[in-house]
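For reference, the chain that follows is the form predicted alone, supplied as structure tokens.
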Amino acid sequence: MAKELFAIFGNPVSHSKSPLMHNLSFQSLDYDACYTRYLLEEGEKLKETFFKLGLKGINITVPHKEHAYNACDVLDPFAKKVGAVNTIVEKEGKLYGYNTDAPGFLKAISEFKGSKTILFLGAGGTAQSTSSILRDAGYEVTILNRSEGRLERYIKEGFQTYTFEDFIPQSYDLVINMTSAGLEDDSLPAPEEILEHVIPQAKACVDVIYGKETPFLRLAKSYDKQTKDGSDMLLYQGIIAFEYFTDHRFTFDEIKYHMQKTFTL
């Protein structure tokens, strides 16, 4: 049996820790597979590229999670509900789509005890899946986005939404950057005057970006707020994706034992 090939598709993708996480776990668990990165510039070509590269499965990061959804032949019920896919596995020539971001994120923020109200900065694919699972878990989620277009689906689903122009500052327990702002530059996910209203009243600030102190987290620390980057979310969604990649051959804790080692390398 040939070695199975996996990858992460995104743009940018050079920063991704996923290859290290999965390859160490494949090796440690004696699973014959290899995982790499692929810079996908045109999301419309995701399915074509997947088969051309001879892959068994992929993770998808920004900005292609909605393209990934459209590329799938079969959707997991939760991925179908939230309209975003970040994990795809090929089975008998068909692409099966899953979302591991949301359960990974829910597990990552569970440490903030007593937090109930959340402000999302950004309305992309990650926000789509996590807003739904957080609401189902009892959180009140508000979405703030630069423009109205992406907010339509949230409005239909009954979320409170704002654009930068019509935002009315309130008090939120958690303020979470769901955008790529600060990943490769010094930009903030929202105008500073808005952040200066909501950060001081928050219990903590979270960024889905991992491996660096973003301008958003730096601003939060200037107000002495507890902060958290996306490392735990990355770890937990990676473990769940690995379960799908290996057809649930290993337990969550078995995978976690090996995968979390990559965060100390």
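Don't overthink the numbering: it's just position in the shown sequence, from 1. Note that the structure is predicted; figures quoted are calculated from it, not measured.
Note that the form predicted together with a small molecule isn't included here; everything after this is about it.
| field | Segment assignment from 73-81, 167-175, 123-131, 89-97: heavy atom within 4.5 Å of the small molecule in the predicted bound form | value | Every other range fails; the passing one is 123-131.
At 4.5 Å by heavy atoms, is each residue in R146, A181 and I209 next to the small molecule in the predicted bound form?
Verified in the predicted bound form; spot residues all in contact, yes.
- Just one of I239, M233, A220, L46 has a heavy atom within 4.5 Å of the small molecule in the predicted bound form. Which one? Going through each option in turn, the one that passes is M233.
**Message:** Residue-level contact is defined here as any heavy atom of the residue lying within 4.5 Å of the small molecule in the predicted bound form; does L188 satisfy this criterion?
**Reply:** L188: yes, in contact with the small molecule in the predicted bound form.
**Request:** Would you please decide whether V62 lies within 4.5 angstroms of the small molecule in the predicted bound form, comparing each non-hydrogen atom pair?
**Result:** Heavy-atom contact with the small molecule at 4.5 Å: present for V62.
(message) Against the small molecule in the predicted bound form, would R150 count as a contact residue? Criterion: heavy atoms within 4.5 Å.
(response) Taking the distances in the predicted bound form, the answer for R150 is yes, it comes within 4.5 Å of the small molecule.
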